[in-house]
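Below you'll find only one chain, the form predicted on its own, shown as structure tokens.
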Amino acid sequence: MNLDRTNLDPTTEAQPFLQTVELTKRYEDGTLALDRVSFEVGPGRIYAMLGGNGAGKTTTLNLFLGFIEPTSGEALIDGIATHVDPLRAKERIAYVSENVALYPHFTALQNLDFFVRLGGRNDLDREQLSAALDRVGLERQAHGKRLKGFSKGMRQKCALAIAILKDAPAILLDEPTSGLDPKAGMEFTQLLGELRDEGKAILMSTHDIFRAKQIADRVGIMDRGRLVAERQQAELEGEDLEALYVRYMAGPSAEVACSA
């Protein structure tokens, strides 16, 4: 398989903080979820894994998180192989899942207080917690309300606030714009840009072509467990990402384009 990395300049990337090396995952039933995937994300960079359901995006995140082990290859966080030392690797990342698991009978502030303490931070007062919720765009009047009445987008904002307060060098996001209205989506994009400017290495899975083109420094298109194409932000200025995506999702034609 030839990976389409048209015009990519490897010298433009900083030393990678997140990296996959020939990462492969085959399940016991024979399903090949990932097939020799290699990419890297440096500090102050956003990498978007773009693809449909079953493309391998969530499997990649799960391998970084140490939830599953690779069949071969490695997922590295700050040079640490996640299947070798998962606890030390996870200290360096924060994670926001698509289906946020927070306590519905806790308020937004109580959830933040609980989870940041669980993560080892005991130095934050109520106003600092509120400031984090302000930053992710949750209205002040909602800070003291229980999550059981929150929309999916509001719960995602709480989870993102928790990730920010962990202050880890890297952030992993699984379909982060799912459930967000257009205004919240724009706020999210702005916030990701701020986190990138602070030097965070950000890896996000998405099927949102518009958001990937808008915010990512590099986009990797995934299809059936393969990384089939990569583009830098500068290239996307003169290329239709949607047309490129459709080209690689076009069944047999994708196989031809990606075969060695």
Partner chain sequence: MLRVLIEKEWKSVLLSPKFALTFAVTTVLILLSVGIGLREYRVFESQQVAAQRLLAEEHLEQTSWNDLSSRVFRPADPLQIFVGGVHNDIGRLARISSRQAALLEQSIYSDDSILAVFRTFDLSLVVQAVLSLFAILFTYDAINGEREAGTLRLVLSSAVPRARFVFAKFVGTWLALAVPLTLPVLLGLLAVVLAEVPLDGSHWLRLGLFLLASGLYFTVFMAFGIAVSALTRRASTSFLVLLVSWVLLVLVIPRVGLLVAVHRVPVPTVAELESQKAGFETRLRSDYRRKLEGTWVARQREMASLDEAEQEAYEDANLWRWLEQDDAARQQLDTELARHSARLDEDLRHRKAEQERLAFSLSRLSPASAYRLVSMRLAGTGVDLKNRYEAAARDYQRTFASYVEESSGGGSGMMVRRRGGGHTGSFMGAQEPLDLSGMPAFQAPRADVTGIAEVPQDLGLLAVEILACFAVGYVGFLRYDVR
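Numbering follows the first chain given and starts at 1. Just so it is clear, the structure is predicted and the values come from calculations on it, not from any experiment.
Keep in mind that the form predicted in complex with the partner chain is missing from the display, and what follows is about it.
- Of the candidate stretches 109-117, 186-194, 124-132, 137-145, only 109-117 has residues with heavy atoms within 4.5 Å of the partner chain in the model of the complex.
- Judged against the partner chain in the model of the complex with a 4.5 angstroms heavy atom cut-off, the residues His83, Gln156 and Lys200 are out of contact without exception.
- The closest heavy atom approach of Ile46 to the partner chain in the model of the complex falls outside 4.5 Å.
- Contact check for Leu65: a heavy atom falls within 4.5 Å of the partner chain in the model of the complex.
- Proximity of Phe150 to the partner chain in the model of the complex falls outside the 4.5 Å heavy atom cutoff.
- Residue contact with the partner chain in the model of the complex: Asp78 places no heavy atom within 4.5 Å of it.
- Contacts with the partner chain in the model of the complex, taken as any heavy atom within 4.5 Å, map within 155-173 to Lys166 alone.
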